[in-house]
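The chain that follows stands alone, in the form predicted alone, written as structure tokens.
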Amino acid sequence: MAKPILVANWKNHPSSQDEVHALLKDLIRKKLLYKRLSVFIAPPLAYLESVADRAGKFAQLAAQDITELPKGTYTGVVTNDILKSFGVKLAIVGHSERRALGESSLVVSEKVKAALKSGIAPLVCVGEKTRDTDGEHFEFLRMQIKESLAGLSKQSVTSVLIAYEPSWAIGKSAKDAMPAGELAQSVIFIKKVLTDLYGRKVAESIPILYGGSVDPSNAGEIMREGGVKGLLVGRASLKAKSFEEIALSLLQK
């Protein structure tokens, strides 16, 4: 059975190298715990080397984004071959915050292809902006998935991971998270869309994670009842104790 997946998205934190080193020092104390999971840390680009040097004993390196541009000269762009040179294994693609800045599903699909071409597994983020009683949000989700994965073959899509992160469920506390029962329904729907696109066998091989106000108080319930294979964690990944508690909850049956 595949290990549960835990992805730490540090976004634009911590605010200094000293804080990064302190956080990693605390995290490595629980390396035996994290080795029981598939753990990825996605730091700001400036901290890639620090994380690569210190977290290799318990986690793999991830990127918060990836470029769709081909090889070339681009001032200000960190190209995918540079990410690979640091040991990046996974890239978050189409995060809700990127989409809020105007990134379309068309751009997401190009980034997914670029990631796969570079040998980096794309964690494709999808999720509706609002939820309604008529179920129209499901059609939004369907189209977002289809457009974000456009042009992928059955073979290539098996290297993709999906992170379901509905924008309305992203807040500052656990009470903002999506109820596990509703999450389970959405996961079933996502699997149906993937089945329609690629067949049941391929759809079942694609891990679905949840992201949105995850913390130690709700991670266990999400994993037990939400039907997901792992979690994409934001602010709670910046505190060693809360990240440890989340990791433990992924191992509980």
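As the structure is a computational prediction, the values presented were derived from the model and not from experiment. Sequential numbering from 1, following the sequence displayed.
Below: the form predicted in complex with a small molecule, not depicted.
Residue in contact with the small molecule in the predicted complex (any heavy atom within 4.5 Å), chosen from I170, A121, V78, L141: I170. Using a 4.5 Å cutoff between non-hydrogen atoms, R235 counts as a contact of the small molecule in the predicted complex. The shortest heavy atom separation between K11 and the small molecule in the predicted complex is within 4.5 Å.
When contacts are judged by a 4.5 Å heavy atom cut-off, H95 counts as touching the small molecule in the predicted complex. Contact between S213 and the small molecule in the predicted complex is found at the 4.5 Å heavy atom cutoff. Annotated contact segment (heavy atom within 4.5 Å of the small molecule in the predicted complex): 162 to 170, selected among 141 to 149, 162 to 170, 100 to 108, 67 to 75.
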